[in-house]
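Below, in structure tokens: the form predicted alone, a single chain.
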């Protein structure tokens, strides 16, 4: 990248989302006034344009781009749809309002003139345009004032400010604070923090057990979950907490290929969202368990183990080939799973006692540094 391009990108990144949207409109208007075929560039979001940066430990989107022209039969509709989404987002910025992805779809949907042609037919079309704008403008969709449904909860040794309201996450009962999809610093601010680390749990049921037992109070931590594969809001908040507060992050998932992948998405980012890895991936996250070695270490009965199905085996073999799983200990972890032909759910630890996971398993793992990275 040339020095001139770096300066240009740096100046662009200092602009607000509203300014970037307005700039896109002005750029296209200038092209039209010069009687040129208006176009904008979109990064190609395909596996062929995704790489793993070993030095940064991040899955990144490559530099390949496509020019999308208005006067092109194959591109005209997508060009129009993207500008409609951009116009709606600019309106949200000016009115200082947010809306859902579904709502945006209906905002831009209408029939063209006297034809039977709609601007958009399915929400997938507007969602793709949102992703184009995210990449093209180098902005999170949350900064474009778009949100998704809440999924995930948090409690622990921290007080936050949510849209001006002060919330003590030490005093939220059994349900915790529902993590929104927009968690940027303009809305969510961190106040009084006494946590020593963050424990990210795959499952709501395990999170509830740990919350009911007040694990977070005894061990001075922040306790989060994302209901399986953590949504963008949860991952973005985890990124902010980990980096702004400089806290260690431990991930607790099932002992199966899907649990391992959930961990890797939090740590390295995902292929689908490679263009947002730098704002979501927590590269210092540690995998706490469950591990394929735990049945022996913790004397778990064979009756809590589940035989791998063909889909599990195929997925494990696929993960074995991923560049970000090439570390010796991860290769061993996956091969032991395949060799034993079994997987375990976190709930299997309850066979040792309903609170065994918080009273024995997690504290021992952290104390003895028995994690994978």
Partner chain sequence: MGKTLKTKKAESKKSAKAARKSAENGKPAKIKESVPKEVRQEKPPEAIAEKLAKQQREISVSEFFAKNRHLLGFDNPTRALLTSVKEAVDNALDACEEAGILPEVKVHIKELSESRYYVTVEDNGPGVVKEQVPRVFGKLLYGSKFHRLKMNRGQQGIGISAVCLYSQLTTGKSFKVTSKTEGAKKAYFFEIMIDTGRNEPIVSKQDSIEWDKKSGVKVEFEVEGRYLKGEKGVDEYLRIVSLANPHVAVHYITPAKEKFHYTRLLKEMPVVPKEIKPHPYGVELGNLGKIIKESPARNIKGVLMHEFSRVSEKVASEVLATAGVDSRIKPGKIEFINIEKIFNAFHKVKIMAPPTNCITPIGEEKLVKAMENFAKGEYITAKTRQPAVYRGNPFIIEAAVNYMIPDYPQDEQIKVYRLANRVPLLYQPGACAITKAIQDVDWRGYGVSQSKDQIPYGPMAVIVHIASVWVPFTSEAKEAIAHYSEIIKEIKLALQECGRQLSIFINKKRRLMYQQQRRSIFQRYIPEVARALSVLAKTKKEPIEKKLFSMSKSVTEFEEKQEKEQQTQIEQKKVEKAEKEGENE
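Predicted, not measured: the structure shown is a model, and the values here were computed from it. Rigid core: the largest C-alpha set superposing within 1.5 Å between the two forms. Numbering follows the first chain given and starts at 1.
Below, we turn to the form predicted together with its partner chain, even though it does not appear here.
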Point to revise | Single option in 326, 309, 29, 340 placed near its partner chain in the model of the complex, where near means a heavy atom within 4.5 Å | key: 29
Check your understanding: Which of 86, 233, 257, 156 has a heavy atom within 4.5 Å of its partner chain in the model of the complex?
Key -> 86
Exercise for review: Pick the stretch from 210-218, 161-169, 293-301, 109-117 whose residues have a heavy atom within 4.5 Å of its partner chain in the model of the complex.
Suggested key: 109-117
Check your understanding: residue 185: heavy atom within 4.5 Å of its partner chain in the model of the complex?
Key -> no
Exercise for review: With heavy atoms only and a cut-off of 4.5 Å, decide whether residue 76 touches its partner chain in the model of the complex.
Suggested key: yes
**Study point:** in the model of the complex, residue 273 touching its partner chain (heavy atom, 4.5 Å)
**Key:** no
Point to revise | Contact of residue 332 with its partner chain in the model of the complex (heavy atom, 4.5 Å) | key: no
Review point. When you measure heavy atoms, are 22, 70 and 80 every one within 4.5 angstroms of its partner chain in the model of the complex?
Key: yes
Point to revise | Core-superposed C-alpha of residue 118 shifting 2 Å or more between this form and the one not shown | key: yes
Check your understanding: With both forms fit on the core, is the shift of the CA atom of residue 212 between this form and the one not shown 2 Å or larger?
Key -> no
Review point. Core-aligned, does residue 89 move its Cα 2 Å or more between this form and the one not shown?
Key: yes
